[in-house]
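Presented below, as structure tokens, is a lone chain in the form predicted alone.
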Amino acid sequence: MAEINNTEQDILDAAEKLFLRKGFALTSTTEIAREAGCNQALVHYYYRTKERLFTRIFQQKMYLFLAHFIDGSRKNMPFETKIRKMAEAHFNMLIKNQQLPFFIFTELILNEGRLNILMDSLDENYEEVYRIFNDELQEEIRKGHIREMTFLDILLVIVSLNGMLFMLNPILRKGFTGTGDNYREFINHRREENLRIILQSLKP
């Protein structure tokens, strides 16, 4: 049984690597099998179709992309601190998954059906999480701490600032050579700059 589970995981890992690098359309089950070190029949045995295999990976990646907003919304802390920690955690996640923004945005643009996967990727308690977060937001607006805005406004500011940086990553990296220390310094600088812009966008 362990060997079967390992093969299934090897296929999943291989597919994730190829889908992230090439996208759904340019990846074949033959390539996935070759990358996983198995035959094509095993790919179909475990996952039936390329679409089903892709859906599983895309759903996992969408949840990873959004998880810090869902989890962060549940934490009991001052609202501005919560936003900072959510944005920072999201940025740090992208440092470890730099292909993720381009992969997600490209697939959403090329296939409208991926939006259904996006909705399925949200936590089943999303409505409750949204309600709690929105209540906090409205209270902060009422107190005059934050300008009139919506949860979607905040989400889009964070996602666009953090996501676009890593979508441009292949271009930006060409400006940094050698040991890579300058690039790491640049990324650390952008993390703080993004946080400053995000928090400033909340101000009345």
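Sequential numbering from 1, following the sequence displayed. In this text, the rigid core denotes the largest set of C-alpha atoms whose superposition between the two forms falls within 1.5 Å. Just so it is clear, the structure is predicted and the values come from calculations on it, not from any experiment.
Unshown form predicted in complex with the DNA; subsequent notes refer to it.
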If the cut-off is 4.5 angstroms on heavy atoms, which of these, 160, 138, 59, 40, is the one near the DNA in the model of the complex?
40
All three of 99, 105 and 169 touching the DNA in the model of the complex at 4.5 Å, heavy atom to heavy atom?
no
Heavy atoms, 4.5 Å, the DNA in the model of the complex: which of 46-54, 140-148, 160-168, 62-70 makes the cut? Say which one.
46-54
Cα of residue 38 displaced 2 Å or more between this form and the one not shown, core superposed?
yes
